[in-house]
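Next up is one chain by itself, shown in C-alpha cells, the form predicted alone.
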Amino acid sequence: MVQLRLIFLGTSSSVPTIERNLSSIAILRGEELLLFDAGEGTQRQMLKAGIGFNRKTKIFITHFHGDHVIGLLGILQTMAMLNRDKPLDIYGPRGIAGFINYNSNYLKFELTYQVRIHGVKEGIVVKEKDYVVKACPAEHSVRDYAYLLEESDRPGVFYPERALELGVPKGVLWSKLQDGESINLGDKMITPHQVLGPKKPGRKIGISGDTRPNPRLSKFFSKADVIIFDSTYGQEYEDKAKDRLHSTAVEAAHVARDAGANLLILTHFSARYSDTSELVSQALKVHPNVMAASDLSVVDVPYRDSYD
C-alpha cells in the first residue's frame, strides 16, 4: 500500500494574500513528488511543508498564466543551488520548452541535473508501472489542461488455502502471486486470479486548473476520490466567473456531483475571500462532501475500499 498525500502550497488566484500563496498543489505518492503548477514563491512553500528538493519529481503546468508558472523558475534554481542530482521531468502545454529554455539561458542557470521537458496533449501524459497521469483540455482564456492522477487496480485478497490446494508452497511464490504475477509450478502455470479475489480499485485525483465547468470535465473526473477544482468566486459573482472563464464554488460542486466524486476540495480563491466558509456552504447544497483548501493544509487520501 502506497501513501497518497495532498499538500496545498498555494490556494490564491492571481493576487497573493497574507494567508495565501499563488497556485501550487503537491501530491506525495510514496517517495515521489508530483507537483501541479508553480506560482511565485512555491519553492519557499515547499520548504515550509518539508518537501525535499532531491526526490523523484514530476512537475505539471496547467497553463501559462503567471500565478501558475512563474515559480517554476525559482524551483529550478533552488534545486540547482541545493545540488540536486536526479533528473527532473516537466510537463506543460505547447511552449513549455521555449519558456524554460529561454529563461534558463537568460538568467544563466547552472543546473546540476537533467531537465526533461514534455509537451502535453489530450490523453495519457505519463504512464508508470502503477499509475498514469491524463490530461484533458480545460476552458480558459489560454490553452489550459486539467489533469487526472489514476492509479492502477491493486490485486485482490489473497486466499492461502487456494494456493495450498494448487500445490504452491508458502514463500516467494506466494508473494509473486499476491503481486499479480503468474508463476510456473512444474509443468503447469498458476495465475493470480486462481488465488486472489476481485481486484481493488486504485485512487483517482483530479485537478482542474483554471476553467469554466463543463460536462467533459465531469466525465474526465468520473468516480474520482478527490477533485480539486477552481472556485475563484462565490455564487454572487457568477457573471464575473463566466466573463473571466473561472468557476464558482457551486459550479465546482456540480462537476463533482456529476462525476460521482467522493470529495471536492475548493481552491484558487479570489483575494476578496479571507473567509471561505460561505463558499463551502454554497457548494454543500449541491455536493455532500466539500472542503476549502488553505495554504499548507494536508489531506491523506485512503484507498476507496477502506471507506466503502
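What you see is a predicted model, and the numbers here were worked out from it, not measured in a lab. We number the residues from 1 along the sequence you see.
We do not show the form predicted in complex with another copy of the chain, though everything after this point is about it.
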Task: Residue stretch of 26 to 34, 61 to 69, 276 to 284, 258 to 266 approaching another copy of the chain in the predicted complex, non-hydrogen atom distance within 4.5 Å - done: 61 to 69
Task: Listed residue (198, 98, 169, 186) with a non-hydrogen atom within 4.5 angstroms of another copy of the chain in the predicted complex - done: 98
Open item on the list: Although the partner isn't part of this model, could you tell me whether residue 247 comes within 4.5 Å of another copy of the chain in the predicted complex, counting any heavy atom of the residue?
Closed with: no
Open item on the list: Taking another copy of the chain as it sits in the predicted complex, is residue 108 near enough to touch it, meaning that at least one heavy atom pair lies within 4.5 angstroms?
Closed with: yes
Task: is_contact(residue 55, another copy of the chain) in the predicted complex, heavy atom dist at most 4.5 Å - done: no
Task: Residue contact check: residue 124 to another copy of the chain in the predicted complex, 4.5 Å heavy atom - done: no
Open item on the list: Just to make sure I understand: among 1 to 33, which residues lie within 4.5 Å of another copy of the chain in the predicted complex, judging by heavy atoms?
Closed with: 14, 15, 16, 17, 18, 19, 20, 21, 22
